[in-house]
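Quick heads-up: it's one chain on its own, the form predicted alone, in structure tokens.
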Amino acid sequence: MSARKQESADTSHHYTAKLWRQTLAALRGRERLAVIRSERLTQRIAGIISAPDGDPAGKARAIELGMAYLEMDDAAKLQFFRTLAKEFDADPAAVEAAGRRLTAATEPEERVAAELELRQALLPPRVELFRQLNLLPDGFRFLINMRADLLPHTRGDASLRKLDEDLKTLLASWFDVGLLNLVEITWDSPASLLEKLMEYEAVHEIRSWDDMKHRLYSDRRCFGFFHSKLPNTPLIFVEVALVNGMAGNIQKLLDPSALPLRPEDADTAIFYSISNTQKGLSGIRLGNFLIKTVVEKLGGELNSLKNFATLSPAPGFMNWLADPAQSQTLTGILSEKECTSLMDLANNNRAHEGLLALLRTRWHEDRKLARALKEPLMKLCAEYIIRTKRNGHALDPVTHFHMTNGARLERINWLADTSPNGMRQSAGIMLNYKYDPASIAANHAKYATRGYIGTSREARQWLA
């Protein structure tokens, strides 16, 4: 986590703790409530879950649990999560019994009653704890941050993945697109909001206030989704450039010396950065709603816009290529002449090892070497993006995101991002994913059911 993001997280925790101390003091003063810090964690949680709605004692217990959580180190938080996962899961015996009654049910009324019983049995008691914490002042933000703490521990632990799914399902219900507000962010927006954009920009770093101002010029747009319970923080935001033609180079697109284009003269909207600000909302579908909503909004405002597309990285390409298993992939895709050329250029008798060695240099600054590497790398990237799958869907996370949203792979762009990050993650290659409102639904259905990745003829030319 960057120092700026860590500072923001610390500020959020301090604000939440301050609100809770004030609320707790008011409750204790009115009700003369006893301090429960001496209780075991399981007792404390059980007391919150069993408290009637609106009970001051239950609210006080929830606040004290939350304040204790904010003071925990990573090890203590992990123990807290394991307690929730083990002690407050659904009762297996109750689930099995309800399942047997459902299987045995024959009459419609009996079957409905059995289904409702099974549904109730499957609901873990910890869900009520989450609901009580959400009712606290700033509890919404607290639960988002709690899930961010939980996520790193879920890999390889089925009980913690199940706990995460409970929390994710609740958060997703509270983040229905109908509860979100689309806000255009401009240079006239509050400075505190613009600082958040600079802090959370995850794709192309905003380096200065001048850089920020350039990204909000008349031929640029920025939109974010906001929730009423987090009014000053965009949950996710997208940056858009209004251009002519399909932009294929991020350095040119973000060049501050370039003259701005009149918005009414643009024929293409390029979505060049989409950033989530809340790690605790990972996996909750916000980006797809944001893109589709912005496409509709811009299309309604600017009649000249005919194309809506992204300029996106391929963040997993270099990691995939570096896997020793891709040695066979490389020799199966590249011609014998291309493999021989790689071995000669790298002075290595293995084409895959030679290519990786070359890519560890500043090869893109050598025009002759860059020309020699272009066709092999473009072929390999096309193989990775279009044909490499996991569980029937695109291995690359950005490709999967856009295919899920109904886009089509339009173009693969050579040396489109020569920043250190761009070279490190995708050998400088970037991709255009096109959103055609008339085919979004059909593209989404084909990808969801068959893993089909729609591609243009220009993109397919690189397939071996």
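Residue positions are given as counts along the sequence shown, with the first one as 1. In this text, rigid core is short for the largest set of C-alphas that superpose within 1.5 Å between two forms. Remember, it's a predicted structure, so these values are computed and weren't measured experimentally.
What follows is about the form predicted together with a further copy of the same chain, which we do not show.
Just one listed stretch, out of 66-74, 392-400, 414-422, 44-52, contacts a further copy of the same chain in the predicted bound form at the 4.5 Å heavy atom level, and that stretch is 44-52.
Scanning N232, Q328, N303, N319 against a further copy of the same chain in the predicted bound form with a 4.5 Å heavy atom cut-off leaves one residue, N232. This chain is displayed alone, yet in the predicted bound form one of S173, N347, T361, S282 has a heavy atom within 4.5 Å of a further copy of the same chain; that residue is S173. Using a 4.5 angstroms heavy atom cutoff to a further copy of the same chain in the predicted bound form, none of N244, Y272 and D366 count as contacting. Among heavy atoms of I440, some come within 4.5 Å of a further copy of the same chain in the predicted bound form. By the criterion of a heavy atom within 4.5 Å, E184 is excluded from the residues contacting a further copy of the same chain in the predicted bound form. Under a 4.5 angstroms non-hydrogen atom cutoff, a further copy of the same chain in the predicted bound form lacks A370 among its neighbouring residues.
Using a 4.5 angstroms limit between non-hydrogen atoms, R119 touches a further copy of the same chain in the predicted bound form. Residues L122, P124, E128, R131, N134, L135, F140 are the members of 122-143 with a non-hydrogen atom no more than 4.5 angstroms from a further copy of the same chain in the predicted bound form.
Residue displacement note: R119 has its CA displaced by at least 2 Å between the shown form and the other one (rigid core superposed). Residue displacement note: D436 has its CA displaced by under 2 Å between the shown form and the other one (rigid core superposed). Superposed on the core, the two forms differ at I48: its CA moves 2 Å or more between the shown form and the other one.
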